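The form predicted alone is given below as one chain in structure tokens.
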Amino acid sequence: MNNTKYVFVTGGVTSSLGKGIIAASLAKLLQERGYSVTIQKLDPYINIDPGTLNPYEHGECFVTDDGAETDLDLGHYERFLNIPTSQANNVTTGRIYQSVIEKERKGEFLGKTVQVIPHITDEIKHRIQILGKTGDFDIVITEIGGTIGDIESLPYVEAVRQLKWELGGENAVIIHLTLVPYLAAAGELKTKPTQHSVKMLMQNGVAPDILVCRSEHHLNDEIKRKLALFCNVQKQNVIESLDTDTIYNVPNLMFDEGLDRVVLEKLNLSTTRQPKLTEWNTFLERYKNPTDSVEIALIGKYVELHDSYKSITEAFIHAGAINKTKVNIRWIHSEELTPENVEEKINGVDGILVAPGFGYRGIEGKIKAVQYARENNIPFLGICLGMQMVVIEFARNVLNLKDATSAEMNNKTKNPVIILIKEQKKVNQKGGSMRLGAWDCQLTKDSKAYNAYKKEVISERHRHRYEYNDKYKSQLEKAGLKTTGINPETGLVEIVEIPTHPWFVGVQYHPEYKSTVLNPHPLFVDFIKASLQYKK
């Protein structure tokens, strides 16, 4: 018999309250108590996945080992729990409807009218329980995207209502995350938005077991009692979630409030083993008490929305903590970089990172940034498109192939140093059709990459259609741009370096996806170390 327990996290009053961080923090505490936990995200949008969404619209698209393009919350889950997620950890309305329509076309519902209830809700329940039925997890936490009251969230809320009833009271718990705003004019916290949010949830047949209340101010006993009384929960199950300076404080704050304890009591699970959070708090201690600082220029096309580079900024936090160094980011829009202002915009930084992206917009600025790092011996890391810009810059300015570019930007160029991957030539669909997920890479001994990883074969996650053109390899290597990482299966070039430069590395994959609090990514750690040395 399967004994997996389920925790559902819903949100009310407003979006962006941090359901993902609350879910990840609770999961961390349960993990520390000895339970095996995973988290999944149910997203109400009709896209199959966020792979085709503009980063301005949705923030970063996170990629799992098995090649799923997912919501950036899965990045938080991995960074907190230190275990990989998969396709099953992110479900969208698009995927649900696609699956039900495919079944209908195959004749699985012959004679039946296909409806939201029961067919869509059954599919949602099936997806929620996939992870639980593997037997790998004691507890599955499911975060429901959107806000209670959104039309698109209704089928998910109904599926949760049914599941809670089917699983029984001790096997499912509902946490409702809400906002308790402070009105400065009145000088008091207001509980009415939370009351209305819970009322709306209950109109859908779902009663929360626990309230987590986001607030700028401390909730006193009277406020907690009022919320408990009007929202039908016990006072001890009203949890305060105060604003904090870093998301990595939240597990400690939730432990102090007893969130993990009340969840376990509701699920009738043992609370004897206490979470120690020893390694977690060692990281926090280093992060909060740096002995040095560096400034890194992050050159990107979507810098107005920092969430577009969420995994990169978090990887800097992890790598900075290990080096006891505060990493300050200088955000530079690649479209604004010109030959005339590149020095003024980048001058004074200790390291340069050219970020991933797609399309022509802003690439000339990225190429200028690469050139500036190369010629001025500034530590440099290029990721995905950033690595491709390295190849173009080197071909243009060292090999003197002035029209060198990527076939993505100009497919008529005489010198396409970056070309479409062979398998991609037959692809005509946009979503989920790139080179995705984890691929192996064989490292050259004594390279910068090898010295960072300290092993010969690594596995990293990819998300790209274009690749290094092997026809230019011998020319580029002879001139000093060495290939130091190759996929053993396909021969694709994964890493390029300039050995004569203090620290200059371009990688075709996305190292940022695998950086976690307890396992900071070795390339980022080494890059920050090199930037620190450069500064000194």
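The structure presented is a predicted model; accordingly, all values stated were derived computationally and were not measured. Start at 1 with the first residue shown and count on from there.
What comes next is about the form predicted in complex with glutamine (GLN), which does not appear here.
- Although the partner is absent here, I458 lies well away from glutamine (GLN) in the predicted complex, with no heavy atom inside 4.5 Å.
- Taking the partner from the other structure, glutamine (GLN) in the predicted complex has no heavy atom within 4.5 Å of any heavy atom of W439.
- Contact annotation for Y466: at least one heavy atom lies within 4.5 Å of glutamine (GLN) in the predicted complex.
- In the predicted complex, at least one heavy atom of H510 sits within 4.5 Å of a heavy atom of glutamine (GLN).
- Exactly one listed residue, out of E123, E408, E158, E240, brings a non-hydrogen atom to within 4.5 Å of glutamine (GLN) in the predicted complex: E408.
- A heavy atom within 4.5 Å of glutamine (GLN) in the predicted complex is found for exactly one of L385, A321, I352, I141: L385.
- In summary, the region of this chain contacting glutamine (GLN) in the predicted complex, judged by heavy atoms within 4.5 Å and restricted to 84-92, 241-249, 268-276, 357-365, corresponds to 357-365.
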